[in-house]
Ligand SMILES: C=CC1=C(C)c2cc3[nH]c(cc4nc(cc5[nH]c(cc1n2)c(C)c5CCC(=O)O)C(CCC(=O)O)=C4C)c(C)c3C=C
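Next up: just one chain, as structure tokens, the form predicted alone.
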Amino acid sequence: MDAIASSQILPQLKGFDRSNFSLSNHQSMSCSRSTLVMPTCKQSYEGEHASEVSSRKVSVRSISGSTEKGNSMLGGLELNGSVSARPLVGKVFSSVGSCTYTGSSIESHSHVAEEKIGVLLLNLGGPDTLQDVQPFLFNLFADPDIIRLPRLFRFLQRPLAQLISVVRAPKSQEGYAAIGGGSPLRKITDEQANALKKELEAKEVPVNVYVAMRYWHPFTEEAVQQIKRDGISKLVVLPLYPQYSISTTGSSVRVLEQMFREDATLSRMPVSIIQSWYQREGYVKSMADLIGKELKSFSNPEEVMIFFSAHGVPVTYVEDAGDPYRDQMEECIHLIMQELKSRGINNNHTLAYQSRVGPVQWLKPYTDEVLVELGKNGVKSLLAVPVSFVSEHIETLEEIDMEYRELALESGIENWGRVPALGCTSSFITDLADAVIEALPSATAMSTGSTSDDSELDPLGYVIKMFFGSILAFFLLLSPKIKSAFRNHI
């Protein structure tokens, strides 16, 4: 699969003080929209309740240069210690409203034009062909943000990833074969990059737009090297995930931060990271537009249940690691439904989570179980909305359009519809362009530093680990019982 739902072994993330965690960056401020001036807006860095957040904000973070030894960073989260030891530097910009400027931070449009600005789009990636499925899955499972092993056993990450990817590949290949033999994600993301570049140029902000995939080509490393070759002087990082999760945006940002800290040239480049943008007015209205259009295709639009299906994450991410994904998703649905109600659309709606696999508990309610329950309760018309995704890929084209559709019809739902992903919808691309412009003033250079763990540099310890780890990996890879157990849970 194209996402972390392919993960089979997801550890319990322990030891986090949620009282010290504030990633949503819900901040109070005011700022007017302008393509000619990009202000730095004053804000208070407070952990406000989700319902109090304006639908016109975008959460932006400047990359910080400080590092802490022994901490695994997930987009600024310290997942092996207290997050309060290294607070995020939060920036929030409003698309509409009055503006308060700090004089030294105001950048004129002509000044921006003198810089060489880059925009880096982050996405998951997907196999281009059926032959790419197994190595793609290996890259996925080799990510320590997907399968988190105890420090002592981290050297088993790659052998374990190899085992899971080999066992999982045949089933995943069937899914990709059903949608044409590969993922369309790269093609669509390239199209979004081109559309965003044209929109920013139309706003007189010339940029180079780059695509960085986490688990397949073009990899983040490839994109960053091209950014260096092109001599980019300021960079805005824009994840194509509306809501933040440590397993998506967090994982990609962790890799990016490490690369920038280890490179003397990159460490001096001003960078802004847009952490999430589900609450932006342009995004909310674009989603409402698509939903409203699809509702009209039903004979009785007012009777249709609006069924938001979001990608799931393990419960431990939310409850133990403080992942804001669930809260952001619920707020996102609230904002979309408020927009629909303002247009006179008062349909019932529900939210469920898809793509769960493996023996661990994922966010509930589960999409497949809710579909069956809705059928039992007499729902006859349903409109599926893939709210986590802005591009079509295997989880929309195969999981929703094929598996869930069939399940819904078998459960008694007679009329099925599905809202397409936003793709290159003009209002959506325009809002992304505005988000980039608003993020530019917050760009801050990263200082060099090392994030390596001293224990990893101990030669004797490394040899001992490798010796016993090799024995364990040997039995893992060759044991028929282990293979059978994985097949039952994957």
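Start at 1 with the first residue shown and count on from there. Remember, predicted model here, so these are calculated numbers, not experimental data.
Omitted from view is the form predicted together with this ligand, to which the following refers.
- If you superimpose the site C-alphas and bring this ligand over from its pose in the predicted bound form, 3 or more of its atoms are within 2.4 angstroms of a backbone or C-beta atom of this form, and that means blocked.
- Checking I273, A408, I400, V313 against this ligand in the predicted bound form, a heavy atom within 4.5 Å turns up for just one residue: V313.
- The partner is absent here, but in the predicted bound form a heavy atom of Y325, alone among Y325, F307, Y404, Y278, sits within 4.5 Å of this ligand.
- In the predicted bound form, this ligand lies farther than 4.5 Å from every heavy atom of A161.
- In the predicted bound form, this ligand sits within 4.5 Å of a heavy atom belonging to E395.
- Taking the partner from the other structure, this ligand in the predicted bound form has no heavy atom within 4.5 Å of any heavy atom of S252.
- Although the partner is absent here, Q192 sits far enough away that none of its heavy atoms falls within 4.5 Å of this ligand in the predicted bound form.
- Across the options 151-159, 179-187, 279-287, 372-380, residues that bring heavy atoms within 4.5 Å of this ligand in the predicted bound form belong to 179-187.
- Residues are counted as partner-facing when one of their heavy atoms sits within 4.5 Å of this ligand in the predicted bound form; in 123-141 these are L124, G125, G126, P127, F136, L137, L140, F141, in sequence order.
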